[in-house]
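The chain that follows stands alone, in the form predicted on its own, written as structure tokens.
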Amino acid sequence: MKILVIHGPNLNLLGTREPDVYGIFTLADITASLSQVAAELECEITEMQSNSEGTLVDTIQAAKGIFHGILINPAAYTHTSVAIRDALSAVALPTVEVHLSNIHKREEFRRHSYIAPVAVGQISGFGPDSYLLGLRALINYLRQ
């Protein structure tokens, strides 16, 4: 089972970016934890991070036929990107949307997700555990 893990804009700054909101862990910390869970679940993950909407769309489009599912933290593009939503819809791979913070408890504009309607589920508010819960949920979904 091959899973594509996509990290959206500004997630490369984790550990230093707004630690009161996002915590002090880094993207490398999340990667290490995801790798451990992937080994436990006997799946292979490939990760990428980009601040560019076009690169994220290109990556999603290239995933069809290679990956079984997508775990994505679209970050700020969650609330603005019809292009990422349409790419996910077009490739029709089961997708789980994750967020470090609880987007429903934040500013009003963060409460809307363009991604949620094309995802099998959304997990938010559990810090780096959102990724781990998301990976477990996606693998369970794919094994049904």
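What you are looking at is a predicted structure, and each value in this text was computed from that prediction instead of being measured. Each residue number is its position in the shown sequence, starting from 1.
Not on display, but discussed next: the form predicted together with a small molecule.
With the small molecule omitted here, the record of contacts in the model of the complex names 95-103 of 63-71, 81-89, 95-103, 44-52, defined by a heavy atom within 4.5 Å. Not displayed here, the small molecule is kept clear of Ala116 by more than 4.5 Å at the level of heavy atoms in the model of the complex.
Contact check for Arg17: a heavy atom falls within 4.5 Å of the small molecule in the model of the complex. Interface membership of Gly121, defined by any non-hydrogen atom within 4.5 Å of the small molecule in the model of the complex, is ruled out. When contacts are judged by a 4.5 Å heavy atom cut-off, Val57 does not count as touching the small molecule in the model of the complex.
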